[in-house]
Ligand code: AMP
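Just the one chain here, the form predicted alone, laid out as structure tokens.
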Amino acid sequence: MKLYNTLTRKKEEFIPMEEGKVKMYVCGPTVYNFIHIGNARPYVVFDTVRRYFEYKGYDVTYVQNFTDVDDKIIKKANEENTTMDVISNRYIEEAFKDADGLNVKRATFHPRVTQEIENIIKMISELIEKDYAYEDNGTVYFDTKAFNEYGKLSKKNLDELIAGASERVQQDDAKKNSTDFVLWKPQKPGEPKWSSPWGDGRPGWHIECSVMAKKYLGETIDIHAGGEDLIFPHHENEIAQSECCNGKTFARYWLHNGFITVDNEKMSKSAGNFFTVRDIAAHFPYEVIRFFILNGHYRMPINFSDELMKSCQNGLERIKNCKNSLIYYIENAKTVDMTSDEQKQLEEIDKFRVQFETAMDDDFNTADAITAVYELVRFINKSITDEVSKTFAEKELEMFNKLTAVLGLLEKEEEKEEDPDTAIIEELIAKRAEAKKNKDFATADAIRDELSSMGITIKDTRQGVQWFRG
């Protein structure tokens, strides 16, 4: 299995620190609002990475945090005349609702910053003791010049960064270098606070993930992941803090997903093209959102549009209809044992598993993995006939379920009774059957056309009439 490591800018063979185990940390959202489509991409992408590791037999410890103390959360709390805890608790709950809708598995641990203050203070104290950090009037800074490898993830030259920062940002005379970043900040009026050796205050953003990764995964982890916007400064700063404090490599592989644009433009509230997952789910099922995200390679930018979402919905419907057909034939097959021809076909079907795994082993290429699923669907649709044996259909369904489960698709059982048009559809099918019985083929054809106009396809089999959408 090869992964593209942002640290080395090349694909590398994945070799875990401990055989059969993966320690993985993924940066989670700052909880002051509903998660947006940009947040959804790392949720879905790295959930799929985790699923594939588990499919390959690895024991994965997966950590995804919630940032529950931040300027935006405090601002939201002040606007609503409530507390930071009320805001963060509300949107953590909403984030879980969206994650569940997207079929994202719960992490092994979901740490929250406010629960880790003691360990944050401890790490900052160690950095000061080792001369990697310094305090000035209640603010603690990390000394970027003290870490010779600063910039190794983003490939940014420190001297150039210092020169650039001095031109871009307001000077802070307390800093030794313009690139130094805050580990602890003193309390401002109306803000939450915790006691520390440097006075009442709260942690800076970057130190939080270093502490949580260390607590739940150890001083060195296998994989650290997140959006590409986090490469600098967040992940760069995490490396600096962690490696200076622990004296060890922080993360061995760094994975970063690309951006999502909206109608080929950068998503922003000012442009009016900012969409939460909840907004989109009002128009498209969550599963379609997940399928849309997986249709592109995780490192590449993908474009969100209504047209592309509809295309993904149609594609997912094809896959879903295949599964429903298999289930229908399994429930209604008259024979149990496979024929010799079916046994030969079953040997052929393994090529789709190989094709799927080859795609996923190549830096988690879900786009090509979906192509393998489409080809499996095409094979199944051709191989399933009225004479199919139950055993053969069950074997095909087993392969189908294994591959789609890695992608987190079609795992939630749907019942036709949930379709609001089910009663009407069943009634029309019954009328068509009666018309055919009476040799009134004109009426039967008219009913088929009416069903087609409703988006319903029907299939006559020896076991009865099968219907599905699409």
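All figures in this text were calculated on a predicted structure; none of them were measured in a lab. Heads up: residue numbers just count along the shown sequence, starting at 1.
Beyond the structure shown, there is the form predicted in complex with the ligand, which is absent from this document and is the topic of what follows.
Asks: Exactly one residue in Asn39, Thr404, Thr61, Thr48 has a non-hydrogen atom within 4.5 Å of the ligand in the predicted bound form; which is it?
Replies: Contact check passes for Asn39.
Asks: Would you mind picking the one in Ser242, Thr179, Thr366, Asn257 that has a heavy atom within 4.5 Å of the ligand in the predicted bound form?
Replies: After the contact test, the surviving option is Asn257.
Asks: When the contact criterion is heavy atoms within 4.5 Å, does Pro29 count as touching the ligand in the predicted bound form?
Replies: Within the cut-off, so yes.
Asks: Spell out, yes or no, whether the shortest heavy atom distance between Met338 and the ligand in the predicted bound form is within 4.5 Å.
Replies: Close contact is absent here: in the predicted bound form, Met338 is far from the ligand, nothing within 4.5 Å, heavy atoms only.
Asks: Given that the ligand is not shown alongside this chain, does Asp229 nevertheless sit within 4.5 Å of it in the predicted bound form, heavy atom to heavy atom?
Replies: Asp229: contacts the ligand in the predicted bound form.
Asks: Tell me, yes or no, whether Lys248 is in contact with the ligand in the predicted bound form, where a contact means a heavy atom of each within 4.5 Å.
Replies: Judged by the heavy-atom cut-off of 4.5 Å, Lys248 is well away from the ligand in the predicted bound form.
Asks: Which of 40 to 48, 53 to 61, 433 to 441, 404 to 412 has heavy atoms within 4.5 Å of the ligand in the predicted bound form?
Replies: Contact-bearing stretch, as computed: 40 to 48.
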